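As structure tokens, the next two blocks hold two forms of the same chain, structure 1 and structure 2.
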Structure 1
Amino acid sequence: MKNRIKAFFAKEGTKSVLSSLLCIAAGIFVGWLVLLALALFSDKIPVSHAFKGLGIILAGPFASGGSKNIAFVLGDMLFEAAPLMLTGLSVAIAFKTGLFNIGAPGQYLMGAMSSVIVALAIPTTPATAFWVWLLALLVGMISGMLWGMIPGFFKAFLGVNEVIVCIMTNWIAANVVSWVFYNNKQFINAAGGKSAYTLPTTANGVSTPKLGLDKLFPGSNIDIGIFIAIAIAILIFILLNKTTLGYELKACGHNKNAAKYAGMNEKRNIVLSMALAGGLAALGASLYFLNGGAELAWNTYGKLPDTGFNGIPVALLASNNPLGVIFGSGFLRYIDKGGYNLAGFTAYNEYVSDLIIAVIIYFAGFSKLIKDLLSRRKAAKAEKADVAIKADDATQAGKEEDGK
């Protein structure tokens, strides 16, 4: 039994889960210390609200009040988890190939722009609306793949660091999106008084199918996007762990020179990895804005989407495991919904919840460090045990020699 427990904790998956849980616990604890400090140094916030605030954050959408409010917030939480899950997968698959895809925000924007334009530009009937939605989804994903290939190409063939190219393509994408919609006013919601936003795709009869989920979570924007995102995560897990291509991608990430020596095309794998990463980030944007209840803020030249950047802590929290990304994205959205209720039920203002969430996200970055420490500790114990065994063998051999 003892050996089984040791074998369980020695597994990479177990260490990944433990490191993620430790990071979450540390983030929540430090977040509570922030709440406590604010209460101690303010006459307007009772100290008891620090404990109450922590409970509200941990309750997530279940702190929203009545059952109707809970259903509404829970539905929106699941809806918002889908794009975050896909940007997390985008960052994770790049990490697996030894690349840092900080270009997810730009890929996200390109996917959003392409899918919205296709959904609004093609006239639809009730019979064709689904096919236009599907086409918009695919076009959005392909545009993200093409945009992701740019830093992959520069990295593979020119040796340019992908982080630099990703940052450049982020801001190029932001300006491209602004320029395209500025010159195509027919997509802008001017008649609705929201000239800073595009029309919702429902204006053309296009929206992601809900399949009755809107009745289960009344008032929310939930649709089948969450199930699509989960299915994609499972497919990425299978790709990385059960296919030759996945093995090559990971081998390239561990050591691209060794992969090349083994006969693998490391340049192709780098470009392909970034293309997949770009497609995933763009797919997340497409699912979000094709919902019909979301409108794209098209003046993006001054600000990049948070969802693209938040994919980084999701991937780190999940130790780049595609299945872990499912839970990591859900957890961050869960905490986020709890934070929204902080100002309504305590004396803290609305910005404190963002601070607490930021602290938790910050600690998510230490997940890999903790996992490495757990691995080193295990290796040190194994090495110490090996030395002890060798010492015992040497002593025993010496005794046998003396006996002769």
Structure 2
Amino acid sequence: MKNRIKAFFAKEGTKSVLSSLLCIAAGIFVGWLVLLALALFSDKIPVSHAFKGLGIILAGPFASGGSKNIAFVLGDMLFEAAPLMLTGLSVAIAFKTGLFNIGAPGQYLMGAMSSVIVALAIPTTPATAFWVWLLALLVGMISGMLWGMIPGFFKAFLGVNEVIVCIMTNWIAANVVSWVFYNNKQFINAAGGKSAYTLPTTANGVSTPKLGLDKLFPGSNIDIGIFIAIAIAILIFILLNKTTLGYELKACGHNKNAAKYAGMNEKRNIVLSMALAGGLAALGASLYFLNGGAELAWNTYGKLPDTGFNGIPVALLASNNPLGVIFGSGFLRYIDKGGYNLAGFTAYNEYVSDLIIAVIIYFAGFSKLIKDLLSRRKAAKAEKADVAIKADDATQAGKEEDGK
């Protein structure tokens, strides 16, 4: 039993989880110190709010007050976790191939645009609505794949740093999306005060199936998107760990030249990895906007969606493990909801949760160091134990000799 526990703690995965948990604890602690410092410096905030605030953040959606509110906020948390999970997967799969996909916001926007247009442009009857929904989802994903391939091509065939191309394609996407909707006013909501948004897809009878989840979390936007996202995370896990393609992608990430030497087509793998990443980010947007309750702010040329960027902390928190991404995205949304409750119940505001996440990511940068420290302590202990056993053996041998 003791050995089994030891083996459990020696596993790479356990160490990753432990170091992520340590980062989270440290991040929350620093966040709390900031709350305390603000309370001490500002006469608008009583010091007691710093303690109350910590409790509210830790309770996340459960501090929403009243079971009705909790059900509603919890449902929305799950609904909003789905797109974040997919952008997290997008960043993670690119990281596995040694690429930094900071282009998720652009891919997300392309997916949102394509899905919304398909869902609104094809007339539906109640019988065909589901198929239009499915088509919109697929078209959204494919447009994101194509958009993601641009940085892939630049990296693989022209040797241009993917970070720069991703940043450029982000802003190009933001302008393209605004331009397309500007020229196609039929997709924009004409209702008073709503002209900044596209029509909800329910205007055409298209929406993601809810399967009664809305009864379980009354008032929230929850749909089966969260299950689709989890299923895709598991699929990506299998792809990366159990298939040849996944092995090749990871090999390219570890050492591009070695992968090439081993006969892999590293250029194809880079493009493919970015295409997958783009498709995942776009699928996140499709799931979010096909819900019917979410509206797309179409005139987005000056702003990139946060959900795209927040894929980066999710992936880092999960050490790029697709299964870890499920929990990483859930945690981010949990803290988010805590932040909004904090704004509601104390003199602080919702940006505290952003601060905590930023600090967690800062510490996540040290995760290799933390893991090394964990292993080194283990190694030192093992060495000590080894020496003790040897010493034991020696005395034993000595005794035996004495016996002779």
Partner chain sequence: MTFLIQQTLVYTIPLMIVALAGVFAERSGIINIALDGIMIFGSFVGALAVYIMQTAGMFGDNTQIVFLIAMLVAALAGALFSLLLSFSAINLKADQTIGGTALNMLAPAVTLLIVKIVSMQDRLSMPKALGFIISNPDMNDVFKPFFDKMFISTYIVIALFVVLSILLYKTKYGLRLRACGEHPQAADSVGINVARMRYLGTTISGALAGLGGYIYIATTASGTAEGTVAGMGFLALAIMIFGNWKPVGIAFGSLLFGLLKCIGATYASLDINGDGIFALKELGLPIYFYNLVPYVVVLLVLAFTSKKSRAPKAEGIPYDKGQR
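Between two forms, the rigid core is the largest collection of C-alphas that superpose within 1.5 Å. Start at 1 and count along the sequence of structure 1; that gives the residue numbers used here. These numbers come from a predicted model, not from an experiment.
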Requested in this report: Looking at the two shown chains, say which is the form predicted alone.
Outcome: 1
Query raised in the report: When the two forms are laid on each other by their rigid core, does residue 356 show a Cα shift of 2 Å or more between structures 1 and 2?
Result: yes
